[in-house]
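One chain follows as structure tokens, the form predicted alone.
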């Protein structure tokens, strides 16, 4: 699916909340502005309009689906996007990534020292702004999810290149790093709407399932996508020793000479220029791409089953369409 087609589909899904998302963009510009020229320059680069803004959209749609009529969702939507952006800055430093969405990373443009400090600054700024609202249930939720995101990054780094990584451990890592903020965005929407605890928990479970599907598809695209579309080199995770679901499945199911070849390619992934291509062939032959897609599809089905518990509405339909699009995306 061409990238432009994907954007058009998102535009259609977001149509009912486009005014809210435009306000979020304005709030992002306001919050990220600074009297410090360097911070202002980097933030302008970071918060240029054009990202998917999935987390703000999940928060807004969840709130609207649950009957929210106020305006505070704009502020909280901007805040979750800032927290997400801070996590990407740190992620790129740890992974030594030079490209994201086809553009230089902050790490590549300004160096690791400034990038670390800016990521820290955005995290602290987010919590400081949240504290001023004295909305403690949401503050507690964001503090917890931010802590778990960093914990996920630490766990992932500690198992980098490990052949002992299990599928369950992989799901734990992406649950903390990616799905946690999806879940928090949905739960915040419910908290703003004042819904009772059980539906709020189900909203959070929806976000978790959707976030897991999103990250599995992201990892799947690392094996089958195209660099021009992805905005980064194919198999960049593999090259850096991040073993994701397709490779983990191939390691578990491949035997004989193919397994020996796969282990040799993993060991020499930084020196053998043909390693990515050869690994792709083994992973495909093992049915590992199909396995990863089915796991993502299962989480998407779970997410949609949870949504079916909520009353029909335009906003619920938009959330269902986001779940469908997660499986169809190519970037």
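Positions refer to the first chain, counted from 1. This one's a predicted model, so the numbers in the text were calculated from it and none came from an experiment.
There is also a form predicted in complex with a small molecule; it is not shown, and the following applies to it.
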For the three residues 86, 91 and 218, verify that every one has a non-hydrogen atom within 4.5 Å of the small molecule in the predicted bound form; reply yes or no. yes
Which of 157 to 165, 67 to 75, 210 to 218, 195 to 203 has heavy atoms within 4.5 Å of the small molecule in the predicted bound form? 210 to 218
Counting only non-hydrogen atoms and a 4.5 angstroms cut-off, does residue 240 reach the small molecule in the predicted bound form? no
Distance check, residue 149 to the small molecule in the predicted bound form, heavy atom within 4.5 Å: yes
Under a 4.5 Å heavy atom criterion, is residue 107 part of the interface with the small molecule in the predicted bound form? no
Partner contact for residue 123 in the predicted bound form: the small molecule, 4.5 angstroms, heavy atom: yes
Select from the listed residues 100, 259, 252, 224 the one whose heavy atoms reach within 4.5 Å of the small molecule in the predicted bound form. 100
